[in-house]
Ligand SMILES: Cc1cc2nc3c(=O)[nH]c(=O)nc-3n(C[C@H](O)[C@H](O)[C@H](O)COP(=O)(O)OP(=O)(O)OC[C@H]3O[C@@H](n4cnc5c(N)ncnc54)[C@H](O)[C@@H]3O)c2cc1C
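Only one chain comes next, encoded as structure tokens, the form predicted on its own.
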């Protein structure tokens, strides 16, 4: 008599939830993904407005091997589901002094171009990128690929090597302090400081260890998924369906059912379902507060400072700007004041750095002919009860003025349609606590190492994945969190 197939519930269809679903199905589990929205992906979704298509959230694709692994594991040819191309240049940087810097690949060409446009040397920039890679190599086995919360993971040579070389990862200084020691040109310092925003933190507070991020992007490359970022979600959902994963849309989980110290299933608006394993891809703060309100909570972790958020203006622009690429950064003049305003004043600085993503540069059908779909984003605080209507109105005027000045074109009459992303929208759409995009911030030396583990210390069969738990936010780290969580099971 064959053994009964084990079952697994995934709460939420964000990228980590999708990764966990694929991995659990490959372990032989009957997997059901519960999603309160009518569509998958959470932040990694898309929408249309008057003939323009926009990716809702993440816009930068790095480390594609983390997506490829899901198809290899499932013995499927990824090309039947998903295609991507390398970007070169990855970014275009626009400075107030007129400097325009194309971030080319590979790193030698990046360093050559940076040296040409600034007062830094190619050799020094390459040495810095080697330093970034060294941080990655010293931390990946201990931090990125395994749980920090299992003693067995510290009993190996990788951990010993990491501890011996602890001083080389700049954990006891800030990103900005580390970068100002490397570089004299403020334009290059600002460029590398920007990577703190990839986990919703300030480079003037986050540890220098975060200087690992340039390695993942500049050394390893940036890519574009054909069809936009949402094609990552669509391809993994299709893969899931092909290997037997069940998706329950419009069926959000309202409670994790516990029996003593054991997860037994989930409750939704449509009923109660029994499962052998439950994996929550919901923000860990809301997992405790909304799905397990009567359970003792890890208050120290949940009360940590939350990350920053963003305001995004999704604009349909009635013009092609030949000087722009897929990823564009328009720098603010006073970076430290910008972050101080976000972190300490809970507002947006009057001269913010603006990021503009334009997928129609590579997917022309994303905008009508002769037009572009702009995803114009500025860093914002998370939601603590601010007057968001006023903040949005002021920020919109400042962004339009800044871009118009730097492009020498009044963009106001070119805006054909507009949609808006705020921390409030994010919280309502994805249950991200306080509208914080990245879970807890990394604005102190040890915050990045103090995220919630991928398992519950006292409740059996309950696991966690996503950007609010170890190892952190971004598509690659979310997929790593799914692997870490599912590797613990069975």
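These numbers come from a predicted model, not from an experiment. Positions refer to the first chain, counted from 1.
Note that the form predicted in complex with the ligand isn't included here; everything after this is about it.
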Classify residue 20 as contacting or not contacting the ligand in the predicted bound form by the rule of any non-hydrogen atom within 4.5 angstroms, answering yes or no. no
Interface membership of residue 84, the ligand in the predicted bound form, 4.5 Å heavy atom rule: no
Under a 4.5 Å heavy atom criterion, is residue 473 part of the interface with the ligand in the predicted bound form? yes
Any chance residue 375 has a heavy atom within 4.5 Å of the ligand in the predicted bound form? yes
Site check 302, 423 and 444: each within 4.5 Å of the ligand in the predicted bound form by heavy atom: no
Out of the stretches listed (46-54, 23-31, 424-432, 454-462), which one is close to the ligand in the predicted bound form, meaning heavy atoms within 4.5 Å? 424-432
Position in contact with the ligand when the complex is considered in the predicted bound form, options 263, 291, 326, 78, heavy atoms within 4.5 Å: 291
The single option of 252, 225, 332, 90 touching the ligand in the predicted bound form, heavy atom within 4.5 Å: 252
Using a 4.5 Å heavy atom cutoff, which residues in 336-372 contact the ligand in the predicted bound form? It's fine if the answer is none. none
